[in-house]
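Below you will find one chain, with nothing else, as structure tokens; this is the form predicted on its own, and questions on how it binds or moves follow later.
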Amino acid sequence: MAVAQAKPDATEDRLAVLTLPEGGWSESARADALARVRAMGLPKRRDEYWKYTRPDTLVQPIAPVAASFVNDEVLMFDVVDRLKVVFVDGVFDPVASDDLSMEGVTIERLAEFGGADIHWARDIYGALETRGQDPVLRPLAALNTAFATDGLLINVHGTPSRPICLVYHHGDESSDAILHHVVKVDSGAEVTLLETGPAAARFNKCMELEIADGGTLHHVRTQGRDHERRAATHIFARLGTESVFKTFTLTVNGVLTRNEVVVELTGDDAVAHVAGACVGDGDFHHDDTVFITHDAVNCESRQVFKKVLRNGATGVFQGKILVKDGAQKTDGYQISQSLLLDDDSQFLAKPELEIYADDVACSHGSTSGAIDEEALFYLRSRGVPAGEATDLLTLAFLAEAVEEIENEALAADIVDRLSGWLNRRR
């Protein structure tokens, strides 16, 4: 009995320190999410999709302390002409943020408009997250839906002239932030969404993306700076006919990061690319868990993940492509690779294909290995120092993932940051 009761007790301990927002159009979705959290319980190590990642510090009642790292490095995307929206420890900062008005898009805050009786986000908030619970339970996402007090409600109805950049600052060493964003991209609209910053000591973020027929969403985010931080993020995306969704994540530093991406291709000729690169050193644990469902004809999906690990760092990849009956002409590609720079680091992978259509082209692969000694010798023989040669080969290894970013300026900035990180830790 004690073992059976452990999971519910841990869940109730976490819920006891949270307050459920009441009123407004989101109230029903929050109540439903809370019921689901209690029914499924918060994750435990014995759960199938948590066997590689310990969820203890993500679910304990109080966030572990995480020091805020301060330096004079230019913040990511600061040189980009963008509309900046700033959150500090999960709280919107109106002084540091730009005016939220911009052509082609309407940006509102969940904290301000969540209490209204009617809002377009009502049909999306919690709905995509709920769909993403089948067939794999994602209780931290349901917890987010229930208790998030702030976030952005973004309706893209044209083509904004600038990217929207969400900047997450971390100030309080014990901050515990929960943010929930809803993005609706209308038919034929296109937007670029950027995210950057450590956010909080512990960060639970959920993003629901509804991309209508012919809509396009480019998403690029970076996670880093404060090494002691912990984060669990979820992206739930639903794609209409001939729509495009491309997301790339760069992660450096962080004791524990788990990024989950759940994509449904529900309209014919839709395209979804999910990519990520991470470099970890020491007590670094990084988990990418991806689930892409093909439920329409002639759709394309790509999963490209590269991890560079050393000094005992751990990388995890759990990726699945599900092709439903009738989803003919599917093109699904999945690759996950790690570069282990010593014998102490490890990469744990669980690639999956589940196919119920007979006219598809799907592939997946996963590899793990060390630096190519012949390539290293070639560079060394031409006068390149060992450390610099290793960095060059590391960047070449990460290139396939970074190339998933369509904006060349953003891709170049990512490469520069990676190069700087490697150089500082040479």
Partner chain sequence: MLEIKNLHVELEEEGKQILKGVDLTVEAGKVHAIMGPNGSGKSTLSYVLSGRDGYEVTDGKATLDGEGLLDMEPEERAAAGLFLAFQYPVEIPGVGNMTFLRTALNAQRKARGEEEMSAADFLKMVRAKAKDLKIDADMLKRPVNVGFSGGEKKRNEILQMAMLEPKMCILDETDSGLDVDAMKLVAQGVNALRDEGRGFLVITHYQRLLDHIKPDVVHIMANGRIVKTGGPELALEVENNGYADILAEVA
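Positions refer to the first chain, counted from 1. The shown structure was predicted, so the numbers you read here are calculated from the model rather than taken from an experiment.
The protein also exists as the form predicted in complex with the partner chain; that form is not presented, and the subsequent description refers to it.
Enquirer: Answer for Glu374 alone: is it within 4.5 Å of the partner chain in the model of the complex, judged on heavy atom distances?
Expert: Heavy-atom contact with the partner chain at 4.5 Å: present for Glu374.
Enquirer: Is it the case that Ser381, even though its partner is missing from this view, gets within 4.5 Å of the partner chain in the model of the complex, heavy atoms only?
Expert: Output for Ser381 is yes: heavy atoms within 4.5 Å of the partner chain.
Enquirer: With the cut-off set at 4.5 Å between non-hydrogen atoms, does Glu388 touch the partner chain in the model of the complex?
Expert: Residue-level check for Glu388: yes, a contact with the partner chain.
Enquirer: When the contact criterion is heavy atoms within 4.5 Å, does Leu392 count as touching the partner chain in the model of the complex?
Expert: Leu392: yes, in contact with the partner chain in the model of the complex.
Enquirer: Could you tell me which stretch in 31-39, 392-400, 61-69, 362-370 has residues with non-hydrogen atoms within 4.5 Å of the partner chain in the model of the complex?
Expert: Within 4.5 Å of the partner lies stretch 392-400.
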